[in-house]
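What follows is a single chain, given as structure tokens, in the form predicted alone.
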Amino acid sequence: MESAIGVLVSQFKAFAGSDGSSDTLSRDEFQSLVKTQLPNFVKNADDPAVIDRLMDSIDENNDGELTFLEFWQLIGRLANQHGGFIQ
């Protein structure tokens, strides 16, 4: 599990640093991360409306960027769905 956490952190930082703050994901950075790193978990990631809805659902402070903690919510949701924990 430690290596999995390390990968999540390093991928977040790699994508977050591409067009601004290295501490947050912009919408474009988020879409790029989702498309390349989660293609089997997030369907239709090429659709801007899908990305907007997904980002809106986890952007707690509605600032248009995702902190790592906000991004972590998505990881938790996807893990729950993948593990069959959500009814």
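Residue indices: 1-based, along the sequence shown. Everything quoted here is computed from the prediction, not taken from an experiment.
What comes next is about the form predicted in complex with a further copy of the same chain, which is not displayed.
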message = With the partner left out here, check for me: in the predicted complex, does some heavy atom of D19 sit within 4.5 Å of a further copy of the same chain?
response = no
query = Though only this chain appears here, would Q37 touch a further copy of the same chain in the predicted complex if you measure heavy atom gaps against 4.5 Å?
reply = yes
task = With heavy atoms only and a cut-off of 4.5 Å, decide whether D23 touches a further copy of the same chain in the predicted complex.
result = yes
ask   = Would G64 count as a contact of a further copy of the same chain in the predicted complex, using a 4.5 angstroms cut-off between non-hydrogen atoms?
value = no
key: in the predicted complex, residues of 64-81 near a further copy of the same chain [heavy atom within 4.5 Å]   = F68, L69, F71, W72, I75, G76, R77, A79, N80
